[in-house]
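Let's start with one chain on its own, the form predicted on its own, as structure tokens.
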């Protein structure tokens, strides 16, 4: 960065207005951390309100080699939104307008600061939804979800952000603060190389998203939901196979292993009998077929060994009966148990994000439990088993060198396990800072180390001075 930090901040205030630049240390600290516990400290937080603000900011930063850290709501778990070098956080929370919703065209045009749950409340009035639902959807923003390539519980049926972003307005970190539009308002679109998908999941390292054209879809008419508990892991795997082999694509399919179920119920004071490994399955149906699918789902899960089973006709009934309570308790329980295991309230929580073919679920969970024993690290395991995405988590006191060393080694071995089982080291949380070595390992495992060179070349092309979220991904 060229220039005195104080002058840089004063220059930003002159450029954008004092109400759009905050340098109060306490406030800046809040915007310089992640839920995992990773944190740093930026010079200031900038709150652009228009694409013109973002363009002027990019031009200013380019001329002064000022690092910019784009941010949605800072719910990342991979280190992707934490400042690494002296610079400013760019919070898009004020760019939260929904410009257009067209059910005929199946699109919503929104600003990057629009919260996903708030968008869905608006869409629900028209009988539509945006189906990507990360666990943090209540606070997660569209821009943050685009940058991370987010998924969620409905990814078993609807996939991730890559499947639902049609077009983007971007600002490039160059001498002009170039404003660029890529993609289309139509569901079919061929513009040569797919720059939209390149940006989705790029973690704010290539360009700043200032508007998105999202694909929307009708709300399901009805969703039948079952909560089942199994005595053995193989029973869970058999249930997943049984559902999918009957030509049913689950609306959601979630998993928590026995030890995690027991720990979460205890940690969060959930008064429910939890005898075994948990499988939560939802299937969207026509209203007239509800009874038939309730019977079919119950019969299928009992036949695969469920020892306790609850079935609801609708999502509302499932919510009212607490079917989702255990699954939604996973992250807060991971934080609480991490503090207990580390013997400290100051903990870092590493929440892994591997994916394996769903057919290798048993091997993955057994492998994770072996690593728990090897490193003496209490581990909670849950995730989106419908697409093989698992989120094992451990916590540690970063000031305890032995704990930190064991967790780092565990983290590396978890990624290695995923690769051995034909999976990937990251599914929806991104690479950030925590998984850069894992990304290299995955491409080496595939015999494709050259891919990293291509990615670095793309980074230089989009961001010639390396000012946009430096030190992340590659």
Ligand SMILES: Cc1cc2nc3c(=O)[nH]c(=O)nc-3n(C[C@H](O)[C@H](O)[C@H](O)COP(=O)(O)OP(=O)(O)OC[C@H]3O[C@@H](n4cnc5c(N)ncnc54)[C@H](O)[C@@H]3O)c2cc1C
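Note that this is a predicted model, so its numbers are computed, not measured. Residue numbers count along the first chain shown, from 1.
There is another form of the same protein, the form predicted together with this ligand; it is not shown, and what comes next is about it.
Student: Would you mind picking out the stretch of 55 to 63, 443 to 451, 402 to 410, 427 to 435 that comes within 4.5 angstroms of this ligand in the predicted bound form, counting non-hydrogen atoms?
Tutor: Result for this chain: 427 to 435.
Student: Identify, from the list 136, 300, 329, 379, the residue with a heavy atom within 4.5 Å of this ligand in the predicted bound form.
Tutor: None of the other options qualify; the answer is 136.
Student: Out of 207, 264, 236, 108, which one falls within 4.5 Å of this ligand in the predicted bound form, going by heavy atoms?
Tutor: If I apply the 4.5 Å criterion carefully, the residue I get is 207.
Student: Report whether the minimum heavy atom distance between residue 140 and this ligand in the predicted bound form is within 4.5 Å.
Tutor: Contact check for residue 140: yes, within 4.5 Å of this ligand in the predicted bound form.
Student: Under a 4.5 Å heavy atom criterion, is residue 92 part of the interface with this ligand in the predicted bound form?
Tutor: Yes, residue 92 sits close enough to this ligand in the predicted bound form that at least one of its heavy atoms falls within 4.5 Å.
Student: In the predicted bound form, does residue 423 come within 4.5 Å of this ligand, counting heavy atoms only?
Tutor: Close contact is absent here: in the predicted bound form, residue 423 is far from this ligand, nothing within 4.5 Å, heavy atoms only.
Student: Answer for residue 260 alone: is it within 4.5 Å of this ligand in the predicted bound form, judged on heavy atom distances?
Tutor: No, residue 260 sits far enough from this ligand in the predicted bound form that none of its heavy atoms falls within 4.5 Å.
Student: Looking at this ligand in the predicted bound form, which residues in 9 to 42 have at least one heavy atom within 4.5 Å of it?
Tutor: Result: 35 alone.
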